[in-house]
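There is one chain below, alone, in structure tokens, taken in the form predicted on its own.
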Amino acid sequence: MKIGYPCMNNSLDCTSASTFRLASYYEERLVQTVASNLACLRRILEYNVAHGLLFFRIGSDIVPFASHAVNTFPWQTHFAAEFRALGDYIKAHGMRISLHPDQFVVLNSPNPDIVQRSIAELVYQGSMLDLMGLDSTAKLQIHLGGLYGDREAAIARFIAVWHTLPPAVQIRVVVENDDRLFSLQDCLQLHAATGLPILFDNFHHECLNHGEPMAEALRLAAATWHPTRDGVMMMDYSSQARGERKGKHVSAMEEDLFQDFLQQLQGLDVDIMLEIKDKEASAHRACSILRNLALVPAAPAGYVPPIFPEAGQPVAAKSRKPRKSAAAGPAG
């Protein structure tokens, strides 16, 4: 079992998601931005290894506009050594890596332009994992997509497009059950047609299900992962923010709910991504719980965990550069 958090680290004074506006694109700026993002990513990985947080979701903006026609710079070759070094570090420390392309990646869209831009984005993100030399247990996590008034037709379109993906992308794609449109049962239907593993989201399952108890749902999803090709099941963990609209994630992990969830695993080995706003703060708390239960290795002798605000208290946010708009991405 591994535990982790996605994309950004609030404890460090850098970001691996720097980007800029499409109108400001020029190659020198691209090179500077990618170099900065990769350097910060290395710092995040080193931080995570030092604290036993061995599951990490890399952000989508490492290479700004990588899937856009404006970007013709050969970043794959220019940064080949940096990507390889990151991959060597990841493998040397037994880390698990994923990426989660943004919501504008919609393989089942009726719009062929959106589909083609979505495929281009998956090719870009998969190529980063290839450049790192990571095997097929490093995954690209996506949703099934839109409903468009016809569930069966929407699933059929996804299947048809999936069959057109390059094999190097196909082997990395996993599909996540969502909280509004496509449940675990829909994803199981997709798995039966394609063999796609299901990345299980416990909170989404609580919001949208067909009555499957959590322990049963976990096992149904885990059975879709091939033990060597895919590795152990990746899953997302969160819980409902109290007093907020249904589906809003908590800002900080509620330890009692997390421990209750762990009981539902009933010995199942999973790698858990915490989709919680305070990022590494909750990951540290979760890791401590897992260590106490002997579900992850004990901390090394002399290890002193960082101090964070008590759960539920605000964590000072760092200023971030603006992300590129969806208009610059695959959805157009």
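The shown structure was predicted, so the numbers you read here are calculated from the model rather than taken from an experiment. Quick note: we count residues from 1 along the sequence shown, nothing fancier.
There is also a form predicted in complex with the DNA; it is not shown, and the following applies to it.
In summary, the region of this chain contacting the DNA in the predicted complex, judged by heavy atoms within 4.5 Å and restricted to 280 to 288, 24 to 32, 42 to 50, 262 to 270, corresponds to 24 to 32. This chain lacks the partner; the member of Gln76, Gln103, Gln116, Thr194 within 4.5 angstroms of the DNA in the predicted complex by a non-hydrogen atom is Gln103. Residue in contact with the DNA in the predicted complex (any heavy atom within 4.5 Å), chosen from Pro213, Gly133, Pro110, Pro166: Pro110. For Arg245, a non-hydrogen atom is located within 4.5 Å of the DNA in the predicted complex, even though that partner is not displayed.
Proximity of Ala153 to the DNA in the predicted complex falls outside the 4.5 Å heavy atom cutoff. The closest non-hydrogen atom of Phe65 lies within 4.5 Å of the DNA in the predicted complex. Looking at Leu147, you'd find a heavy atom of it within 4.5 angstroms of the DNA in the predicted complex. Scanning 3 to 26 for heavy atoms within 4.5 Å of the DNA in the predicted complex gives Met8, Thr15, Ala17, Ser18, Thr19, Phe20, Arg21, Leu22, Ala23, Ser24 in sequence order.
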